[in-house]
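This document opens with one chain alone, in C-alpha cells, the form predicted on its own.
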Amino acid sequence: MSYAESLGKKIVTSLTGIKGPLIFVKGASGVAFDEVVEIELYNGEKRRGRVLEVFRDLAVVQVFEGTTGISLTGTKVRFLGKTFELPVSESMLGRIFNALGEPVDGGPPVVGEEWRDVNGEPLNPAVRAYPNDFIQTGISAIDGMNTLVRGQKLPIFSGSGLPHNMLAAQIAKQATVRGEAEGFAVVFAAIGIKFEEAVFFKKFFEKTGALSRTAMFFTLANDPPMLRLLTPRTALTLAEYLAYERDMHVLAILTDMSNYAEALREISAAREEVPGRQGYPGYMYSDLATIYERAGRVRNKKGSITQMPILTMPNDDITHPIPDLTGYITEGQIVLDRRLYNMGIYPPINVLMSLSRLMKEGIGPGKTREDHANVSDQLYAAYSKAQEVRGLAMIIGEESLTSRDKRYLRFAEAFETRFLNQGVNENRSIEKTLDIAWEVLSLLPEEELTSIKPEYITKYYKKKGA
C-alpha cells in the first residue's frame, strides 16, 4: 500500500484533459484547494503539482515540471493531503536551489530544521513594527536620495537591456545594516531568467565572496510557468525563517517579477479565465500582494525582511499593469533611465522619477547624518531646475543663458557624472555619498541652497569661484 493510500487518499487514473501546464482529473472526491499531488507517468517518472481548482469530483492540477510526456492513459495521480512545504535551515545560506528548494550546486541535500508552507503565514497588522532603520546599499543614488529602510518594499523599475541584473547583484553584495549585531543575509530569487544570466549571478557571487551569506533560487526562461510562480514563494519562505526564527536581517531580491506576471497570465489563459488589462488576470493585484506583503518587521522580533523586487517595464512603459500594480502595493520605486544609460552613467537611476516613501524614517542623526534630509531635498530641487534649464538651452542656445543658469548646467553634469555614476565594485559609505553631494552642490551659489539649514551650509559648503 502506498503512502497516499495509507492516508485514505484516492489514487486517480482518470485524466480527462491536458492543456498547457494543467491536467484535469476526474473522480477526485474529497480533494482540497492547493493540495499537493504526485503524478506518476506510465514509465515510472514522478512529478509534482498542486490543486488549482475543484468542481464536484473534477480537479484542475498545475504540474510543477510541465505536462510534456504526460498521457491521458497510464498516468496515476496521488493526492497527498497537504500543501507544498519546504525544508528550511540556516545552512541554506551559501547554496543554490531550484524553485522546489532542491540543491543545484552539486552539494548535499538540505537537512531541514523545520518544514514550512511555501505560501507563508499572514502577519497580523497589529504586530507589525514600523520600518525606521537605515540599510546601506553603497549606491549613492539610493542611499542619498531614495534611502532603503529595514522592512520596506522598494522595487526597481527597469527596461529591456538596462543593467538591472548588475545593480541587483551589486546591492546583494554590498547591502548591510550599520551598527547592528544581528546577522545580515540575502535571499536572491531569479525568476525565468536566461541561462547566461544565471551563470553571471553565480560567478559574480562566488567571485566577490557574497555567496557565503546568500541563498539563491533559480528558474530559467524555458522552465514551466508553475516553477516561475513558485520561485519567489520558496525564497520568501526561507527569508521568513531566517528573519523571525534566527533573528537575521534579510534582504530579499526578486528578479524579474515581469516573468512572474507572464507566467500568471499563461496559466490564466490555459484556464480560460476572463482576462483583465492587457490579458493579465483580474486577480493579479491580489496575487502580487501575496508576494510583496511578505516583508516587514514584527514586534518583539529582532529580525526583518526587506524586499527589492525588480521588474522590466515592456517598452519602458511605467503605466503598464505590472509596474502600475506594483507601485500601489510597495513603498516607492527606483526607476532606471535609458538616457542616462546611453550616456554611460551607471547605475542609470532617474532620481526625479524615483521615490522612497519611508526614507524620512530611516535618516538623520544617529542613523545617517544630520544634514541628510536637507541635502536630499536640495539635490532634488537643483536637479529639477537644471532639467528645466537644459530644455531652455535647447531652444535659445546655451550662449543666451544667464550665468546663474550656466551654473545649473555645470551642476547637472557634475551630479550625473560624479554623484550618480559609480563603479560596479565601488561601495560608498553614507558619509562618502553626502560628501560627494556637497561637492556638487558647491558648484551653485550659496544663496541657491534654500532647502538647507544655515548651520549645515556653514559646516559643509565649500565656496568655489564662478
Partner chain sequence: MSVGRVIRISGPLVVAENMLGALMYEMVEVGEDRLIGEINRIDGDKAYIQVYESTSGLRPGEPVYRTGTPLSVELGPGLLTQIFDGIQRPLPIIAGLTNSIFVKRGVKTSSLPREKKWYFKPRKELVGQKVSEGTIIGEVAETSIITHKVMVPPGIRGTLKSIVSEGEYTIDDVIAEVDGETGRTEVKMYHRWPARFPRPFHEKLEPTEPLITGVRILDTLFPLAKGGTAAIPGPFGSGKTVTLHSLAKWSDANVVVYVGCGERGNEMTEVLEKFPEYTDPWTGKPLMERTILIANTSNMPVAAREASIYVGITMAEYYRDMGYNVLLVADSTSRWAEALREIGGRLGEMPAEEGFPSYLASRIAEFYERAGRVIAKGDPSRVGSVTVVGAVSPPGGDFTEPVVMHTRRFIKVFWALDASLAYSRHYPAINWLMSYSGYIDTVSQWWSEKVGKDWLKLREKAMNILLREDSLREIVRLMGTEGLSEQDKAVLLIAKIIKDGFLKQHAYDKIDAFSAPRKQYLLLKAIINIYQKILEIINAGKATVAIIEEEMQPLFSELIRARYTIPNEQAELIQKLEDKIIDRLAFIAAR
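For clarity, a rigid core is taken as the largest C-alpha set superposing within 1.5 Å between two forms. Keep in mind that this is a model prediction, so the values were computed, not measured. Positions refer to the first chain, counted from 1.
Unshown form predicted together with its partner chain; subsequent notes refer to it.
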Stretch from 38 to 46, 417 to 425, 54 to 62, 431 to 439 whose residues place a heavy atom within 4.5 Å of its partner chain in the predicted complex: 54 to 62
Single option in Asp316, Glu90, Glu266, Asp377 placed near its partner chain in the predicted complex, where near means a heavy atom within 4.5 Å: Asp377
One residue of Arg95, Arg246, Arg277, Arg390 in contact with its partner chain, assessed in the predicted complex (non-hydrogen atom, 4.5 angstroms): Arg277
is_contact(Leu444, its partner chain) in the predicted complex, heavy atom dist at most 4.5 Å: no
In the predicted complex, Arg357 touching its partner chain (heavy atom, 4.5 Å): yes
Contact flag, Trp115 vs its partner chain in the predicted complex, heavy atom cut 4.5 Å: no
Partner proximity in the predicted complex: Tyr328 to its partner chain, non-hydrogen atom cutoff 4.5 Å: yes
Non-hydrogen atom within 4.5 angstroms of its partner chain in the predicted complex for each of Pro122, Thr450 and Ile457: yes
Residues from 19 to 38 in contact with its partner chain (non-hydrogen atom within 4.5 Å) in the predicted complex: Gly30, Val31, Ala32, Phe33, Asp34, Glu35
Is_shifted Glu40 between this form and the one not shown (CA, 2 Å cut-off, rigid core): no
Shift of Glu370 between this form and the one not shown at or above 2 Å (CA, core fit): yes
Threshold 2 Å Cα movement between this form and the one not shown at Arg407, rigid core reference: yes
